[in-house]
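One chain follows as structure tokens, the form predicted on its own.
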């Protein structure tokens, strides 16, 4: 594996050169709330010990709301005007493995039976510079969903701190190799064996469950009363879906701009909302929160895996940290695993 070395000072120069080359640099804000764009290299602050932000960087590749097209009503018919696709070149700097993997996971559904050019254009124009993660709390469970704090899966380049002022950077993808090529003067040659030793010293979160066991149990226990446990207290606020790096549900609505014009909008949605599956007839196949929360768990650990061979969860713990009633998806997964082990 090709690897380079870079000092903290040169990393800031690298950031400045990227800004001059019209790249948009995006990193965690200092308050730990969300990812934000920076305008100069002095704002560059990355650390392997940072807590995950309350919201992921998903909104930059899968917009909260965006116009699909505009329309004008005319005497002789309707004029449709395409929405311009984004040409912004984005770099996600210092992404934890649980964020870095998100674009690859969502790409599966956005390129299934229809290729979503809005998502794909942003994804293709993005470079993910991942980073080794040294943060742990009771909500982290990346090792249970085929990731780890040292996973470079989803990253184009991967940063490994060797001390406070120096980093190794692994070239993970060909896209990353081409991206870094004009800036090689800022890097020295690295030694992958040295960083392998750093990886071995990282304290990995204990694996809490086997995802395949959960997948099998869900497939055989659709009507199990266990789902009432979370469903009966879930508020249906959608916080979990909106902060999740890989939840991707959306609605499409037409909005009038006046008597003769309007736009068709694509907006974030969530399976926890009571209107999400409401039919025009008034019938709702998921008419209570227990059924809606069962859908959330089933989609993440069974349905998406069945369809795309990919778990729809990165173990970041954001949904659990932010849940106003304390629902912990990692704990639920452990309990389901226990039910399966005890053949309940």
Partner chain sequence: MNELREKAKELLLNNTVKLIIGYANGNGHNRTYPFIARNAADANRLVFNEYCVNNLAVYLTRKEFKGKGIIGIVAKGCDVKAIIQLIQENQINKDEVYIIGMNCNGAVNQLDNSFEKTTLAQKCINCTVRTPALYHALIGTTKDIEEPADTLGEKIKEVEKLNADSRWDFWEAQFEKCIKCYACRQVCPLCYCEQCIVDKTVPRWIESSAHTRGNFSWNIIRAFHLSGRCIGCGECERVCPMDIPLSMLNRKMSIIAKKEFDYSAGVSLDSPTLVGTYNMKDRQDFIK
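Computed from a prediction, not measured in an experiment: that's the story for all the values here. Positions refer to the first chain, counted from 1.
Unshown form predicted together with the partner chain; subsequent notes refer to it.
Look at 93-101, 231-239, 166-174, 186-194: in the predicted bound form, residues with non-hydrogen atoms within 4.5 angstroms of the partner chain sit in 231-239. Contact check for residue 64: a heavy atom falls within 4.5 Å of the partner chain in the predicted bound form. With a 4.5 Å cutoff on heavy atoms, residue 86 does not count as touching the partner chain in the predicted bound form; it lies far away. Interface residue remark: residue 202 is not counted as part of the site for the partner chain in the predicted bound form, having no heavy atom within 4.5 Å. For the chain shown alone, residue 125 is not a contact residue for the partner chain in the predicted bound form, no non-hydrogen atom being within 4.5 angstroms. Among the residues 147, 180, 105, 243, the one placing a heavy atom within 4.5 Å of the partner chain in the predicted bound form is 243. Taking the partner chain as it sits in the predicted bound form, the stretch 314-338 comes within 4.5 angstroms of it through a non-hydrogen atom at 320, 321, 322, 323, 324, 325, 326, 328, 331.
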